[in-house]
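Only one chain comes next, encoded as structure tokens, the form predicted on its own.
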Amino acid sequence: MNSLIRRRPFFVGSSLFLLFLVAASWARVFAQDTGGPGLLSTEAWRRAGDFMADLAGASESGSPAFAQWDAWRDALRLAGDTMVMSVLAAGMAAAGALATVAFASSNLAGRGWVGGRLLVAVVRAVYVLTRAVPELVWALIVVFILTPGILAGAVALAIHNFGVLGRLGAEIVEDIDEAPIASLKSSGAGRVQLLFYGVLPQVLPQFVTFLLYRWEVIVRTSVVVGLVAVAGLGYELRLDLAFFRYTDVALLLIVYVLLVWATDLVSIALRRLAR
């Protein structure tokens, strides 16, 4: 109770500062003259209503896309490409994080010698760089190196999530119980044995949980990356919007929501197994 009382000025000050930022941000939006309808204007709401009607097929002369089996088949194929992209990205990010996490943990690599502390700083700087750049920007860079497609999108997603998983993995390693490691050292175990028998058994369950959470995020982001990588649901969504094929857009959105929902269910089941 006393600690809460002492922290009350901090909470009050922080809350007031956040409220000020929110108010200032909305003031900036309302002060900006974009020449178009504002969020609260009747014109904006009319446009939103017209767009929703187009998605429902009100302006279609024939059968809407979501009522055609061939359109569903094509959309499900694109959803499969999106899923493949997300699985590849999660796998590459996890492999990279596991391969480098020992060098980013101060209790393993950064203890006792200057070179180890420097190594920890360098690896963590790589983590910061890779996760600071958004996946979409990485995709813009990767498509100049690789042929646009599923692999290019997966690599872009993997680079960003490598930094996220690496940082999370380093924090997990720094919180492990070091008694098993000390016991292995006393019995003459080498660095590789310490990693495989002392560190990984403690780290993997929580790391897998974090990986599954990131996989859910990757599936959601893969649609946006697909806009640039020319793969999966994202690229087809961009084409349909460009050619005003609104019922096709509605179908892709339905399939995307179903894909995310299925991913969440699978991730929840796998996290329960990991525990």
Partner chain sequence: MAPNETGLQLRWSVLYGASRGLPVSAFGGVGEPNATRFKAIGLPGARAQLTLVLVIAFIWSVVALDVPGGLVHSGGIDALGEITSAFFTPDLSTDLLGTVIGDAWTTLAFAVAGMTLAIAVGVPLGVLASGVLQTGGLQRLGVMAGARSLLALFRSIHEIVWAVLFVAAFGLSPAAGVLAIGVPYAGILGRILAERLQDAPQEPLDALRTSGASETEVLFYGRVPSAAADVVSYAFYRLECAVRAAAVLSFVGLGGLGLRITTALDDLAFERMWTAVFALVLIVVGIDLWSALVRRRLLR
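In this text, the rigid core denotes the largest set of C-alpha atoms whose superposition between the two forms falls within 1.5 Å. Numbering follows the first chain given and starts at 1. Source: prediction; values computed, not measured.
Heads up, the form predicted together with the partner chain isn't pictured, but that's what we're talking about next.
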| item | value |
| --- | --- |
| Selected contact from 71, 194, 87, 98, since only one has a non-hydrogen atom within 4.5 angstroms of the partner chain in the model of the complex | 87 |
| Of 122, 76, 182, 145, the one that lies within 4.5 Å of the partner chain in the model of the complex (heavy atoms) | 145 |
| Residue contact check: residue 167 to the partner chain in the model of the complex, 4.5 Å heavy atom | yes |
| 4.5 angstroms heavy atom contact with the partner chain in the model of the complex for residue 221 | yes |
| Residue 116 within 4.5 Å of the partner chain in the model of the complex, heavy atoms | no |
| Partner contact for residue 32 in the model of the complex: the partner chain, 4.5 angstroms, heavy atom | yes |
| Residues from 196 to 226 in contact with the partner chain (non-hydrogen atom within 4.5 Å) in the model of the complex | 197, 201, 202, 205, 206, 208, 209, 210, 212, 213, 214, 220, 221, 223, 224 |
| Flag for residue 26, CA shift 2 Å or larger between this form and the one not shown after aligning core | yes |
| Cα displacement of residue 17 between this form and the one not shown reaching 2 Å, rigid core superposed | yes |
